[in-house]
Ligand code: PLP
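As a starting point, one isolated chain is supplied in structure tokens, in the form predicted on its own.
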Amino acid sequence: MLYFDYNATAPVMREAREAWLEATEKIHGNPSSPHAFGLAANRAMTEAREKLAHSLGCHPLDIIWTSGATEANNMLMHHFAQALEARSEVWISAIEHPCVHDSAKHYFGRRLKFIPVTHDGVVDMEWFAHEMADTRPGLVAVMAANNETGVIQPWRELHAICQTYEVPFFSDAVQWLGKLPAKGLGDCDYLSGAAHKFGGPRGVGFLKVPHRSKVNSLLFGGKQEKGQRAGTENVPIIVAMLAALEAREKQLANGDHQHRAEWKEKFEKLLLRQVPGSTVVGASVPRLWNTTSALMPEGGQQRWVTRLDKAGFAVSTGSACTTGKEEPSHVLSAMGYKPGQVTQVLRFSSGWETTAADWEALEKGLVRVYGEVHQPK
């Protein structure tokens, strides 16, 4: 079985697994305890915090450990729901991950405004600049790269505009981290990430918050993380997260992702040529080197996924599917695709372990399944 669903979760890499095992064997204490075991745990956690801050380009005290990006994103929306004035708006891109979209909708209701995107899936900068000149929201949230399409968002430019108007800027960097260099992300006022997307363990992530300020805690019952996130920190998986990120940053520094992007581009060209009626979403704009979102010929998402699974390929629909029911992608809908098109999307997302031969096999598998789906009755 070839795995092409890395944007959902990545297998734990060797460096992370070994770091976790070593930390589990050697670090026994609670990092909040005052004895030697506790101090040793706290030192390991502090070192990990410093490493992450160095990678992002921010202050170590900016980092709050969480159970993942979903908690981090909910924590931030919870904080601003209490911190902002009653009439303040919150703006998020129309293509945000559900944990940002749904939490913002929960906390802000009618005060939530969606930033439109182009047909290519990029935030409409002209709209944004025009609206910001007229209105000052209490928070702007735009992800660094989209999880469904891989389309890279202009987070640097958006942050610069927000700075001009003194508006806090937040970016969900879950899909960016481990695929593109982390340096510079720490410039964002608020930032979130999760380890399991780049080969770290599940159940750990972070929220970057300016250390001179403080967020209102989503959890109560302890004073951990400077009183901003209650609960004993899981030191071994924090250490493992940084081991994974450091390994990915080395690969990025070596340019190892460049030829992987070429493998994906070759796959897309062959897909368009060999599977009539297919279309690559966001093909004309910068995208993550590992992600292809494609509109497939009629046949139904689940039918494609099931047949590909039987053929030995694990792929995603790119939209939220629950209890076997196909639901339209809000991302594709925001990009202007028609309802009938939205339900024809497949997402192929590779990882560092994926080879050129794997991409070639996927293309051949798609051609084979296409023949099965569209064979004469």
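These figures come from a predicted structure and were not determined experimentally. Numbering starts at 1 and runs along the sequence shown.
There is also a form predicted in complex with the named molecule; it is not shown, and the following applies to it.
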Whether Thr149, Thr292 and Thr354 all lie within 4.5 angstroms of the named molecule in the model of the complex by heavy atom: no
Stretch from 308-316, 30-38, 61-69, 332-340 whose residues place a heavy atom within 4.5 Å of the named molecule in the model of the complex: 61-69
Interface residue in the model of the complex among His159, Lys264, His196, Arg229, criterion: non-hydrogen atom within 4.5 angstroms of the named molecule: His196
The unique member of Met143, Leu271, Val90, Val123 whose heavy atoms fall within 4.5 Å of the named molecule in the model of the complex: Met143
Contact test in the model of the complex: Arg260 vs the named molecule, heavy atoms, 4.5 Å: no
Non-hydrogen atom contact Cys99 with the named molecule in the model of the complex at 4.5 angstroms: yes
Partner contact for Ser171 in the model of the complex: the named molecule, 4.5 angstroms, heavy atom: no
